[in-house]
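One chain follows as structure tokens, the form predicted alone.
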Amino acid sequence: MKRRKAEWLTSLPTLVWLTLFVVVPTLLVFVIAFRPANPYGGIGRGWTLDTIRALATPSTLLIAWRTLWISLLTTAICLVLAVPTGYTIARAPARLRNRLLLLVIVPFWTSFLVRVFAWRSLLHPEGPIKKLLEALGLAGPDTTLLYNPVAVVLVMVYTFLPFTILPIYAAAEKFDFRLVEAARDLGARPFQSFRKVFLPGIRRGLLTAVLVVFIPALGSYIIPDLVGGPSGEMLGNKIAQRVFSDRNLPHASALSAVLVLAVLAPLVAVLVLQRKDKKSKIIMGEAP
């Protein structure tokens, strides 16, 4: 009882903080989504489902679909790049490992906005990337590298890739690589041992990497706004538009509620998978 009481007292400030500044505002967003808008775009009196029904317009559904596939594609590309990187860093000598980790962390030394603006300059019609592609014959004068979904995915992969590498490396560092060597000795091919031994062994790191990329990607606002343009607009940009330009707070709250549910879905999925994994381990431990 004393130990449990001490745990509650230690966790109480964090719980109060999260309740006041996360749970309560989120609940208010859901409540406002069911309120009508007044003539000035604020929150009107009464209750209505019209705001929720308005989300079914083709333009909103298109933006929601674009947000989903851009976030999924960004997560997939980050995983494809981060898994071999984390594997290589974990297998490197200790002296070289610290230097490689430093290279991963170096982008954090620069402001996020500065990095996005740097990519905007690189992808500009008069930027070095466009000129290089034209010199190689891979792009023409009318080719546009900015203000499209491809530019959004490119900059988002660059932004979130370090967040993907670090949890995968943390899991790979604790992995017993003798299991991979044993699989090779038993006749498994290099890729087969990598896929069937190494990847299942770092699945917690993979799940963490998916969450820390997919969830922020869903709510991205700055990157689509600066390099995406109208064709790269995502839900975060539409919410900002409803709040500041169109001035429709209930509609902005409805879009935010959809985004919150989209963020909670992978979290719930991961918790369910972890609970099933824990139960299977308990059953395996109890089995003769």
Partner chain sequence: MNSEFLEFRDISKSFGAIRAVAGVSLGLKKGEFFSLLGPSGCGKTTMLRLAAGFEEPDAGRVFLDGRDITDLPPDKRKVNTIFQSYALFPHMTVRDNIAFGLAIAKRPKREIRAEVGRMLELIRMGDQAGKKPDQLSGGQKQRVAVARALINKPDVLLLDEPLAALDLKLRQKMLIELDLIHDEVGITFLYVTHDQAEAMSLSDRIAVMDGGRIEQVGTPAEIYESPRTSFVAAFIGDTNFLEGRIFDCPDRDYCRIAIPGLPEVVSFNDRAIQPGQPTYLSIRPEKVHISHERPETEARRNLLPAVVEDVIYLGSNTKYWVRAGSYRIQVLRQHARYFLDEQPIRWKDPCWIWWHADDGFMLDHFRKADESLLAVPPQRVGD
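Quick caveat, the model's predicted, so the values are computed rather than measured. Positions refer to the first chain, counted from 1.
This next part talks about the form predicted together with its partner chain, which is not shown.
- prompt: Pick from Leu81, Leu101, Ala188, Leu72: which has a non-hydrogen atom within 4.5 Å of its partner chain in the predicted bound form?
  reply: If I apply the 4.5 Å criterion carefully, the residue I get is Ala188.
- request: Sort through Arg115, Lys196, His124, Arg97 and report the residue having a heavy atom within 4.5 Å of its partner chain in the predicted bound form.
  value: In short, Lys196.
task: Pick the stretch from 214-222, 73-81, 172-180, 140-148 whose residues have a heavy atom within 4.5 Å of its partner chain in the predicted bound form.
output: Looking at the other structure, the answer is 172-180.
- prompt: Three residues, Gln192, Pro200 and Arg203; all within 4.5 Å of its partner chain in the predicted bound form via heavy atoms?
  reply: The answer is yes; Gln192, Pro200 and Arg203 each reach its partner chain.
- prompt: Taking heavy atoms only, is Arg184 within 4.5 angstroms of its partner chain in the predicted bound form?
  reply: Yes, contact at 4.5 Å.
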